[in-house]
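Shown here is one chain on its own, the form predicted on its own, set out as structure tokens.
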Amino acid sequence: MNQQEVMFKYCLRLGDNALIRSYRLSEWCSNAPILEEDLALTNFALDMIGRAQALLGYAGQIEGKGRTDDDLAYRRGERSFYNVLLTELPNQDFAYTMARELYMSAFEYFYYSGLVASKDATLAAIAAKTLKEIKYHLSHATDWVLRLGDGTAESHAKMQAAVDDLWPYASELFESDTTDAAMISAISAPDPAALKDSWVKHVSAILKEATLDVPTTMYTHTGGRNGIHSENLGHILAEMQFLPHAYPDAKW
């Protein structure tokens, strides 16, 4: 890939993580355990949609083929999406969603804190705006992991199961490949691999405070960053892209 293609894929990765996560968060609308969480998670989904819109719109500009953020969201196939597998997993229950939010938000806090210093002015600006949202998302997820982990026997068991089940998927966040290497060199993007120790330390401290065991499993689930997904993404895209496919000439 040339520099333009690498930059395009890089922006898609960031945008796809936000887009697919927004879908999963939006599923809590009218389904959250309490009204306050119904509003909070719906607003978090809107934050993710705004981030996806900015990143996919910028990806379209870089590509230079006239594709908009809507085109990239609704007119790509499964193998052309580059979100990590963690974002596409079903919600399961509230504890699963909070564990995923903790893992993702903690990683994004470190990643976007580095991206604000990027040589690319557009990405740096997006990162600066996004970081304000990430800090709140991380605080929110932390509060719930603590409440559930150090709560009743049932809430503790569910939170521990979520933490354990999702831990192997978190490893994909720290993969660093040729796309990352090119962006580190070209625009001073953060190196995902270099963030793992800080992430593990931060997340482990929260889990221990929540009286939860820190997972020790060594196996990993990866592939999403290179377009290899679980069956879950296909189900998401079938629903998310239905209207644009059914009415391709519609204007909203």
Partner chain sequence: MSADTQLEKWEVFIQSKPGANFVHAGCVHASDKKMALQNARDTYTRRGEGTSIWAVPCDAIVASNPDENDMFFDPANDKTYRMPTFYVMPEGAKAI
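Numbering follows the first chain given and starts at 1. None of the values given here were measured: they were computed from a predicted structure.
Below, we refer to the form predicted together with its partner chain, which is not included among the displayed structures.
Classify residue 39 as contacting or not contacting its partner chain in the predicted complex by the rule of any non-hydrogen atom within 4.5 angstroms, answering yes or no.
Yes, contact at 4.5 Å.
Check residue 76 for me: does it contact its partner chain in the predicted complex (non-hydrogen atoms, 4.5 angstroms)?
No, residue 76 stays farther than 4.5 Å from its partner chain in the predicted complex.
In the predicted complex, is there a heavy atom of its partner chain that lies within 4.5 Å of any heavy atom of residue 139, even though the partner is absent here?
Judged by the heavy-atom cut-off of 4.5 Å, residue 139 is in contact with its partner chain in the predicted complex.
Contact between residue 177 and its partner chain in the predicted complex at 4.5 Å, heavy atoms?
Residue 177: no contact with its partner chain in the predicted complex.
Option from 223-231, 185-193, 198-206, 29-37 whose residues, in the predicted complex, bring a heavy atom within 4.5 Å of its partner chain:
Heavy-atom contact with the partner occurs in 29-37.
By the heavy atom within 4.5 Å rule, which residue out of 110, 82, 167, 144 makes contact with its partner chain in the predicted complex?
Spelling it out, the residue with a heavy atom inside the cut-off is 144.
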